[in-house]
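Next up: just one chain, as structure tokens, the form predicted alone.
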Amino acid sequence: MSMYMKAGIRMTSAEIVVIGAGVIGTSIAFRLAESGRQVMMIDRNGIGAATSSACDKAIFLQSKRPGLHMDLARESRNMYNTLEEELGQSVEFKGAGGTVAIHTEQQMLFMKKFVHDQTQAGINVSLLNQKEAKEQQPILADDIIGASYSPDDAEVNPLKLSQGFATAAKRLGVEIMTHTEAIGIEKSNGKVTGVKTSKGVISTETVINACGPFASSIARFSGVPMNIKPRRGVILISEKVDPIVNGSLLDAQYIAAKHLSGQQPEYGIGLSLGQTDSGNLLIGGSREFVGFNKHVHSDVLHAIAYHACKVVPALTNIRIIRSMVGFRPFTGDGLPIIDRSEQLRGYILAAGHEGDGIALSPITGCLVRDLLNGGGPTSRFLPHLTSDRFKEKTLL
């Protein structure tokens, strides 16, 4: 990468500039460098400091709808099996399985069909009765009437995942500039020529917008419409306690809040529960469209805690030490956008994963690599992830 001065401004150049250093941006930088590309990655904060640091640790296959969602998630999940070896470090990946608790007969009807459809799609998931559910997750309330369970669900440390991708990318020659904000896109004759940053200009012909829920700011710089908006989620963090969760735990209300837009509970509340290696419980969560407002009303926190304690009464006596707020990049159909811009050559959008960024991060790097290379192992997915599917409802 070259560096020079122009009119007193620090100039650098790179073949490709990735904007955003969360799990998506770092995965992209790693896979592009692995394929021999010259890459620079910038972020206005630090590695994994925004959305990737404010989420749970679950990699849930059984929360995905059969079809493209499931196919993407399954292929990405398989990549996790060898990822630590590829990165050369631990990301605390565990294939510990996942449970979805069912509290009401109405939820049971919904989950029976959901599990049936997933089984038909080849997913290893089974429906448990009350006794079996309690055996799988002894912490569940006595009035839980059943659960679904999949041994293929897993978990990972999102912070270590971002750092693992970034460290491996750096080892392959990627230059990483943190605390460097993108403040503009330079273009000429309908083509990208550079990125303006808070520390100068980077000359490049290819820019990848991997800014998740914050992708809209880069979209405005580029003038390319997009269909991503932030959806706020809140997670409570407990004091350290002895292990109480087997793998990861959701409830059927969480699945409904994710997939049934017409049946949203207040604040989009649904249980997600996981436990870190250090013993802290991650208790979620909520789904709200409030822009980028990080001020969370106490009613939301109380609603999360109340619902969690209904499903897992043992949480009643565990102290909450803090909460974390994150914004999920929402597209409306649950799928990310991985696409070249037709309006601006050299501009690529790779965002919109909403709550599936952790699960889909391994495959996203491969998708962008194959997009730039004009083909590859994951390219069969790309025609389904274009921005064209939102032509009638862009949000820019």
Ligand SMILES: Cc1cc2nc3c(=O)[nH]c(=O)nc-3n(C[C@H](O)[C@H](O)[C@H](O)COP(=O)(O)OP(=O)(O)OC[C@H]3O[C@@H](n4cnc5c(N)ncnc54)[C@H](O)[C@@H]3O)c2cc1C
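The first residue of the shown sequence is 1; numbering continues from there. All of these numbers come straight from a predicted model, not from anything done at the bench.
Quick note: we don't show the form predicted together with the ligand, though the next part is all about it.
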| property | result |
| --- | --- |
| Listed range touching the ligand, judged in the predicted complex by heavy atoms within 4.5 Å, from 357 to 365, 29 to 37, 341 to 349, 65 to 73 | 357 to 365 |
| Within 4.5 Å of the ligand in the predicted complex, all of Asp153, Asn157 and Gly164 (non-hydrogen atom) | no |
| Pro213, Gly270, Gly98, Gly146 - the one with a heavy atom within 4.5 Å of the ligand in the predicted complex | Pro213 |
| Exercise: Thr180 in contact with the ligand in the predicted complex, heavy atom 4.5 Å | yes |
| 4.5 angstroms heavy atom contact with the ligand in the predicted complex for Ala308 | no |
| Proximity of Arg369 to the ligand in the predicted complex, heavy atoms at 4.5 Å | no |
| Ile19: touches the ligand in the predicted complex, heavy atom cutoff 4.5 angstroms | yes |
| Interface residues of 319 to 342 toward the ligand, as seen in the predicted complex [heavy atoms, 4.5 Å] | Gly326, Phe327, Arg328, Pro329 |
